[in-house]
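What follows is a pair of forms of the same protein chain, given separately as structure tokens and numbered structure 1 and structure 2.
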Structure 1
């Protein structure tokens, strides 16, 4: 790997960007692709190679591609996936282990210590700070998902305010359409969020699969998070 590419790769990883290194196998010439298509290196990248790199980044999967008779290897270097679950509720008990299986580092955030216990959430990182303080400390990035489940405005809304002003790739909140409408009014009028910012919130949360039980609702939420993460932007 060229020195300039390696330096740029290390800088991008420190900044928690999603990146890929594209290497032409015939001569080892390479280039770094940052998620917004910025590139570093001697290898010229046409649209087909940039699209292949974007696909590898989205899928978190290294791959070999053949383009116009040349072979390339695309290696990805993405930050860890994180899910911040607001509320130690029954849905969270089902969602946390499923999200861990799907590859997320899960943090359960709830200031109610009677609910946020190791017995109810084994092998899950617990944070008993108020959600706005917790999310500020955790520094949400483009590999972070925020799932608000308490149905309690004094807990959910401060978390959503922080999330909407962050780079989190997914923000969702539990509640009916009526509840969500009231939530948006609060976030607009009291928190000063714009419609563009609150439009990022998925509410009611989860894909519409007719889910009823906590486990089914958790499944619909995780499916929507993965869709936001993996689906091409024009298909999401």
Structure 2
């Protein structure tokens, strides 16, 4: 790979573009594809290769293709998965670094400035807006997970309302069965969400592994998020 391709690839990833690198396996020549156009590289791409790259980017799946007798490898690079954590609470202090190790770009949202501090959350992106404003600005998509941890209705509920109307692949909310039932009532009666919409909320949050400590609960939450990503129940 030419160093120029690597440099451009890293720049594109930092800018959160969806990109692919196409490499001809016979000689290692390669080219970077950003969205649907070739940018840099010593491998000229014809329409068939550009189409194959666009297809791989769309599927977010690295693949090997044979075109006119030549073998190519297309590696895709999508922006990282995101996790929006609502509530700068003790569980979040464990969850944020764990999720980061698992590859998530974590944003911690809490309008209470005493909670969302750099001391409590080193190396985490902090957002001190109200969650509904924050989540609207952050534009939830299919690669976003939303985890509500404050169990304060005035903070969690607006976040859950936005999340339920988004394409987020995971939505979870901390709280006992009783809290969760009360929360669903609020979301149905005041926010006007349908049952189909609120059924997407996992509550009580996390896989049932008998977690007790904040770190254990964070583990059960992260495991459930990964399950939603890799083994979604409705895809089985």
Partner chain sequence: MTAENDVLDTAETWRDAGHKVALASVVSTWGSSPRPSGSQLAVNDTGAFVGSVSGGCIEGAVIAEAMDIMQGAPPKLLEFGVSNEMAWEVGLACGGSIAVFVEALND
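These figures come from a predicted structure and were not determined experimentally. Note that the rigid core is defined as the largest set of C-alphas that superpose within 1.5 Å between two forms. Positions refer to the first chain, counted from 1.
- In this pair, the copy labelled structure 1 belongs to the form predicted alone.
- For the motion between structure 1 and structure 2, residue 157 lies in the same rigid part as residue 140.
- The two rigid parts differ in orientation between structure 1 and structure 2, with the smaller turned by 76° against the larger.
- After superposing on the rigid core, the C-alpha of residue 64 is displaced by 5.3 Å between structure 1 and structure 2.
- Core superposition places the Cα of residue 28 14.4 Å apart between structure 1 and structure 2.
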